[in-house]
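A single chain, nothing else alongside it, follows as structure tokens in the form predicted on its own.
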Amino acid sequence: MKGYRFVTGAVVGALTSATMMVAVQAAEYPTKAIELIVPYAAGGGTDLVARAYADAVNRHLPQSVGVVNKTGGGGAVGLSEIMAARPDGYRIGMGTVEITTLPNLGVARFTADDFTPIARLNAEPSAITVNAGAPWKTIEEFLAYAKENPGKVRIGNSGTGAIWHLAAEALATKSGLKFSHIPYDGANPAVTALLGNHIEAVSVSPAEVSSHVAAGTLRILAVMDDQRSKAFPDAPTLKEKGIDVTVATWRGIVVPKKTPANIVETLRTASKKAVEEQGFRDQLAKMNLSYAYLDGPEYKVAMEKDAEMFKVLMKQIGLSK
């Protein structure tokens, strides 16, 4: 029995030492380089936002932040790695709206509750965009035509179950309309199809059609946001037209759920300083992306709201049980 007590005491002592070591490491955080996991390929919007953030936040942390791309599963692979990372602040991640959509498709082990939000950096609303030569000059005319011709209006999106598909489904559900949803391998092919008059509209973000709108070949009829786009102030929001639909893709910094509070606070403080830099905002503007900062607690509220909305919507349209 004495031996048993000795072993037990040794184990307890080791565990206590380990706990104290973790606490000390957390208190001194960060003491080594930080890995920022991006769940999408290099060169895409999420990757570019991550790199702009890393450049800015590196001026506000004693250790460097480096971007690592972990692709696959429409974001599921990278987001799963972020969720499962050791909660010590050395593997943080770019959280995207897919945190709130993929769980409903049954392709992810995580939910929004598995992440602690640090800072939202960017958000892009869905927009209903048509060919400049189309007969609809306003969103009212477009929706009236869709109502009179159920299923005839083809809306291109970036893939079944992806955010722009869900945006169009949200509009259809809220308005009592029926669209034909045409999936493409990304937003750009959908926009190309619209330019060729192979579909009637797209529900991608204003940023993804901006050059064509500027060239006069496409027309934005409305945006799914709380406020009008600064880049396209003439395009009304759906809310202005009495349709309460707000759908956007977003990108921000998240960490695993059990990350210690002082590490979370360190990252929140550094992130706030980073996004306040004009250089960071200029980088977003060059990419036609919107600055949409939310601090951790507000980001968490927004994330939970989207999680609940998509859970209900995706069940309504048969994408989840």
Partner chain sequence: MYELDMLLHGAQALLNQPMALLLALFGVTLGIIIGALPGLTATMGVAILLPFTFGMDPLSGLLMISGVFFGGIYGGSVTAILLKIPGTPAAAATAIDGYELTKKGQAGIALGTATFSSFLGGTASVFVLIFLAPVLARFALEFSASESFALAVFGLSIIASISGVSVIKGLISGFLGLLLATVGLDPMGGFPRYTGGYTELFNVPFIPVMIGLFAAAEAFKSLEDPQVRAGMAAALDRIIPPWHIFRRQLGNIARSSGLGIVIGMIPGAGADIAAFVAYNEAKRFSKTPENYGKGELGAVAACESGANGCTGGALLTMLTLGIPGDAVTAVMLGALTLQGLQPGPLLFKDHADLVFTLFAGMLVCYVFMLVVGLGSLRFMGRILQMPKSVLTPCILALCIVGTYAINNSMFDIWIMLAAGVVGYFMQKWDFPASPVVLALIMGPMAEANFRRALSLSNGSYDFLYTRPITAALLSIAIVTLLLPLLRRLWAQRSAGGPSTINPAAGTSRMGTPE
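Positions refer to the first chain, counted from 1. If you're wondering where the values come from, they're calculated on a predicted model, not measured in any experiment.
One more form of this protein should be noted, the form predicted together with the partner chain, which is absent from this view; the next part is about it.
In the predicted complex, none of the heavy atoms of residue 66 sits within 4.5 Å of a heavy atom of the partner chain. The partner chain in the predicted complex comes within 4.5 Å of a heavy atom belonging to residue 48.
Mapping the unseen interface onto this chain, residue 58 falls outside it, with no heavy atom inside 4.5 Å of the partner chain in the predicted complex.
Interface membership of residue 144, defined by any non-hydrogen atom within 4.5 Å of the partner chain in the predicted complex, is ruled out.
The listed set 188, 227, 138, 173 contains one residue whose heavy atoms approach the partner chain in the predicted complex to within 4.5 Å, identified as 188. Among 77, 132, 231, 84, the residue placing a heavy atom within 4.5 Å of the partner chain in the predicted complex is 77.
Contact annotation: the partner chain lies within 4.5 Å of heavy atoms from the stretch 279-287 in the predicted complex, the single such stretch among 279-287, 254-262, 58-66, 292-300. The partner is not shown here, but in the predicted complex the stretch 197-218 reaches within 4.5 angstroms of the partner chain through a heavy atom at 198, 199, 210, 211, 212, 214, 215.
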